[in-house]
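What follows is a single chain, given as structure tokens, in the form predicted alone.
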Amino acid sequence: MNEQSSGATTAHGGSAAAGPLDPIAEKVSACMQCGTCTGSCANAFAMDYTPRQLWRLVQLGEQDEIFRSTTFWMCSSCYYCTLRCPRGLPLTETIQALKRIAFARGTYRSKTSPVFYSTFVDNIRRYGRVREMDMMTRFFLRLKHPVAPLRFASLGVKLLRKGKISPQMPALFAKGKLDGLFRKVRELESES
């Protein structure tokens, strides 16, 4: 962890967060590094920084380390960390704010997760719900990685055999029907 970044020094001895991280740093400023969030996280094993380490990076204002990390992209928004945090911090909400900032700035190391989220939301907007076959087809096309679908081929075949996904293309949802909902979400996100 690089503790040398620009900005003023905080009470913790690190650098103050600047710009878009300010509201996020304020939300986790009361974090006492107990690690309950990490112990509660079902995906912590797959993260490059644990949630506890991520909050410390936020407190220190380490933007480069935070946005190089894949930690917040691995969050499945189960809210278990938020539920168990002894300080009652809005940790899942904070993770989602980090995702929004990274997506808006295009500052993320992994291309896969942002493309997956974007494709998922586009699929909801298009059909009103997730149509797995269409979503995964569009996801693989957007990845532009010809080998990526092969990693999921056996799972896809199993799901097809069990009737969990259909190879038929779904009918389009009423175009524009969810536009108002998505517009309101963008407004709320810009306020947070």
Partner chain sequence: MKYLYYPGCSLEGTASEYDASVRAVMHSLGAELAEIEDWTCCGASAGDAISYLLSLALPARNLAIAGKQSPRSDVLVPCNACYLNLKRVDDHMNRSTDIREKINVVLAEENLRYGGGIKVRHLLDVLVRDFGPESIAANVKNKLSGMRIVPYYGCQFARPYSDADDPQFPVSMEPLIRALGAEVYPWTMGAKCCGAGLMTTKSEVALKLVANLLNGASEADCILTICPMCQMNLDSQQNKASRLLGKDMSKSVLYVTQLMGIAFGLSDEELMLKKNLAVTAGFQTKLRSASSRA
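All figures in this text were calculated on a predicted structure; none of them were measured in a lab. Positions refer to the first chain, counted from 1. Between two forms, the rigid core is the largest collection of C-alphas that superpose within 1.5 Å.
One more form of this protein exists, namely the form predicted together with the partner chain; it is left out here, but the text below deals with it.
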property	result
Distance check, residue 139 to the partner chain in the predicted bound form, heavy atom within 4.5 Å	yes
Heavy atom of residue 50 within 4.5 Å of the partner chain in the predicted bound form	no
Any non-hydrogen atom of residue 165 within 4.5 angstroms of the partner chain in the predicted bound form	yes
Proximity of residue 91 to the partner chain in the predicted bound form, heavy atoms at 4.5 Å	no
In the predicted bound form: members of 111 to 149 within 4.5 Å of the partner chain, any heavy atom	112, 113, 116, 117, 118, 120, 121, 124, 128, 129, 130, 132, 136, 139
Residue 123 C-alpha shift between this form and the one not shown of 2 Å or more, rigid core reference	yes
Is_shifted residue 132 between this form and the one not shown (CA, 2 Å cut-off, rigid core)	yes
